[in-house]
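Take a look at this single chain, the form predicted alone, given in structure tokens.
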Amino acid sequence: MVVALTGKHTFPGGIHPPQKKALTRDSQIQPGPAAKQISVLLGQHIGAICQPLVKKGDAVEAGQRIGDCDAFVSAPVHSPVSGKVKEIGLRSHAVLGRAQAITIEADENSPEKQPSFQVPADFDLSKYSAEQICEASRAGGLVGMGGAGFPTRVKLEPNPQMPKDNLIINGCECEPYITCDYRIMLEWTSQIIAGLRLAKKASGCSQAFIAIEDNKPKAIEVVRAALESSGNPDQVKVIAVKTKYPQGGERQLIKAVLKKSVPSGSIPPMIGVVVLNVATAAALAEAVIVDVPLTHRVVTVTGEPVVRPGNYYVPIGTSVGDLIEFCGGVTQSAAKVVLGGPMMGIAIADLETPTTKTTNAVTILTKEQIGRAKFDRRETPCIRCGRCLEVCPENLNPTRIAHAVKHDLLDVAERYYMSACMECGCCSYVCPANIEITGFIKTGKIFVARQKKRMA
């Protein structure tokens, strides 16, 4: 029996959009489409973009490193399949527009990687040093799989100048529709716990938490039971946090669990905190224990128009179009394809766009949803209601920033901490004047970046 839990841990601001998770919540993780041709983007993470280590015509093996960079803030990329390099050229990229990718034609007998792996019964944490764990995370190309793709090695690396005290495993998954992390918590529980223990040792943290939103009581129960059966040697605490968007944001989660604030312009390790997504923790266990790099990930394919929505274990580099086709395609009402969820996801026009290490979902929206949004969201003048201030999880003044951008006053927008905006969309969601506040802020950031590039 699953006991209902009420999370008292939360953060100021935030909203409660419809969850829409019933479409895939009960769908077990299944193998995705067999890879015939994949395109591995060389930029799938924050930091320096990789350079290709192979050339056109080269034969590659599954798991082979095919791109890397010497920069500290970077992560290598690997081939998910055995095959031959067809070409190295530009491919659609959801964030960059176009980016270099290595396209590989898979051999007919290329091995099919099965979802997850079993943590050995004799798993012994003492066999692995902190340095070994950090090296394995770098060699395996691990990055944050629930956000912007920050290299995991950089998060874990011990730094005497910034000692780390608290490790938080993020199981919130606050975006509507997405359920891949929920299924990972139910099905790969031992891998998450093994990854947590490895991350705790590598980073030197003295405390560890697993934070799960209270709308996932079954996941909370399963994780707690697994910790109890293992004896919980690390005294890990499972925290039921309040269901609210964007609870899964690092800064919001730290505020909810530890009552600490990450200063603007800083990152969690600067205040002694490491945050890892549950999928990243599971991937860390696989990279360290069985020396397998990050070549596949679980992707939720969802939305009312999808014929067979579900959670699929997908080779990184699979095109969005191939993934949708594998799910039976979509109905005639499909109108928009979004990588990620409807709040922070990015709409794409090219179905040849490859999936990446950070692609947690492909969400299809209907014509009715898009049409209704266009009709209902005709912009009117700002009425100074202050709702955007109430819901902003970063305690900003979103409307002032948006108006400054609209009137080309970028210096004013920066004075109002435009760079601190996490682009969660809460302000746009609640605005009664239907102003695309988040859109203006995103545009302002692009303009500022261009200005700085010209001046450099």
Partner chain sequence: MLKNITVSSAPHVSKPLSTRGVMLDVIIGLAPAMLAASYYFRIHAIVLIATCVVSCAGTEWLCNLIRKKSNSLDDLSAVVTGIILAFSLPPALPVWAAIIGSVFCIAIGKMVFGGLGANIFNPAMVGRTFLTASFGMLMTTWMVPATIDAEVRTIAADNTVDARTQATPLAYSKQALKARTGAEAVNEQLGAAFTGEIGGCLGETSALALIAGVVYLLIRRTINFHIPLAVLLSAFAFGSVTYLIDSESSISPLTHLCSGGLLMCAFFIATDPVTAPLTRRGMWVFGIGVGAITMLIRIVGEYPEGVMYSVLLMNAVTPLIDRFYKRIPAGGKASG
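Every value quoted in this text rests on a predicted model; they were computed, and no experiment measured them. Numbering follows the first chain given and starts at 1.
Below: the form predicted in complex with its partner chain, not depicted.
Annotation: in the model of the complex, residues Q30, H45 and E87 none come within 4.5 Å of its partner chain through any heavy atom. Contact with its partner chain, judged by heavy atoms within 4.5 Å in the model of the complex, is confined among 153-161, 99-107, 78-86, 346-354 to 346-354. A heavy atom within 4.5 Å of its partner chain in the model of the complex is found for one listed residue only; from V60, V405, M422, C392, this is C392. Between the options V73, A130, I271, I370, the residue in contact with its partner chain in the model of the complex by a heavy atom within 4.5 angstroms is I370.
When contacts are judged by a 4.5 Å heavy atom cut-off, T438 counts as touching its partner chain in the model of the complex. With a 4.5 Å cutoff on heavy atoms, A225 does not count as touching its partner chain in the model of the complex; it lies far away. At the 4.5 Å threshold, heavy atoms of S39 stay clear of its partner chain in the model of the complex, well away from it. Using a 4.5 Å cutoff between non-hydrogen atoms, K336 counts as a contact of its partner chain in the model of the complex. Annotation for 94-124: no interface residues with its partner chain in the model of the complex [heavy atom within 4.5 Å].
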